[in-house]
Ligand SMILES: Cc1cc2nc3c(=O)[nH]c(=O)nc-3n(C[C@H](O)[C@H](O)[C@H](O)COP(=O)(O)OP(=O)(O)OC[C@H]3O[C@@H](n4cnc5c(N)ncnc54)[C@H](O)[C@@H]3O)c2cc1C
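Shown next as structure tokens: one chain only, the form predicted on its own.
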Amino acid sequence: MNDDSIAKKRFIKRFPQTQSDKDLAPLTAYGIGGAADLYIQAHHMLDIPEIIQQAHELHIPYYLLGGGRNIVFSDKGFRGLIIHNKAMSIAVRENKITAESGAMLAQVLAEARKHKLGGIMKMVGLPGTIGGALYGNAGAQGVEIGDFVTKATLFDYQNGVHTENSDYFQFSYRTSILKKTHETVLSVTLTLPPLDPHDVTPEIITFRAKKQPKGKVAGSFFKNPSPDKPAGMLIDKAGLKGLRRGDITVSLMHGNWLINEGNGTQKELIELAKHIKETVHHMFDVTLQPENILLDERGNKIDI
């Protein structure tokens, strides 16, 4: 028995609820990915540091999975531990909402509306968790989650559990400092203004539904290079709508959405994304950068 097998057996002994050879495809929006060696759910935010510490001590690679909206796992799976963040409690006190990082953004918006709090309603329809939204400073229609973050509780192996104020995160378009530090988000506190009747209109509620495709799709694949040159427009002008590689195709509805129309693979998605990137660069001298995260079987990020 090799060292990896011994480490994994020790982890399972410590956390007997751990599953082996867990199929990852059903856990993601794209429906892509092989099996993970180990899989465990964390139902409270403080379960996460305990699990990570054990994985770290046993030298087991791990990845914290949230809503699975913007992640594309390897066709070969994941040689390590997937920690599925199911910590979803939400508390509201006056004009502040504190949500565990596994809470879906849709749930947070619903609680805000229930308590007559607004500001973030233009994010209706955005997929994923509040932790993922903080990590990537998610936004829609000119509103970003970073505009409302008061503080967040984080974890990393060196510093343990710690809480940081909004300035710490250095929010900018679709990014935060967490993409450099790789700290784990445990909870997020938002400070929200009172709900304005104009915050929630039929137009806002149906805006994303009208312009977004259905099926195995994970949102915008590329970041928008600039407000006046959105990626979808450039892809459309390049004549790439409908282009496909295997079962992965560019949506006819929105050029920046890639759809798995059957049993598409990560390999096919990467090939199609590379072709889009090269074509747009050749035609418009604009370099598109992925918003989705592609991982190899060791958990390393794949650049295209």
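Keep in mind it's a predicted model, so treat the numbers as computed, not measured. The first residue of the sequence shown is number 1, and the count goes up from there.
The next section is about a form of this same protein that is not shown, the form predicted in complex with the named molecule.
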property: Contact assignment for the named molecule in the predicted complex, among Lys229, Lys96, His115, Arg174, heavy atom within 4.5 Å; result: Arg174
property: In the predicted complex, the one of Lys277, His254, Arg69, Arg245 near the named molecule [non-hydrogen atom within 4.5 angstroms]; result: Arg69
property: Listed range touching the named molecule, judged in the predicted complex by heavy atoms within 4.5 Å, from 119-127, 229-237, 190-198, 156-164; result: 119-127
property: Interface membership of Val217, the named molecule in the predicted complex, 4.5 Å heavy atom rule; result: yes
property: Contact label in the predicted complex: Tyr135 to the named molecule, heavy atom within 4.5 Å; result: yes
property: Partner contact for Ala140 in the predicted complex: the named molecule, 4.5 angstroms, heavy atom; result: yes
property: Touches the named molecule in the predicted complex: Leu81 (any heavy atom, 4.5 Å); result: no
property: Residues in 270-304 with any heavy atom within 4.5 Å of the named molecule in the predicted complex; result: Glu291, Ile293
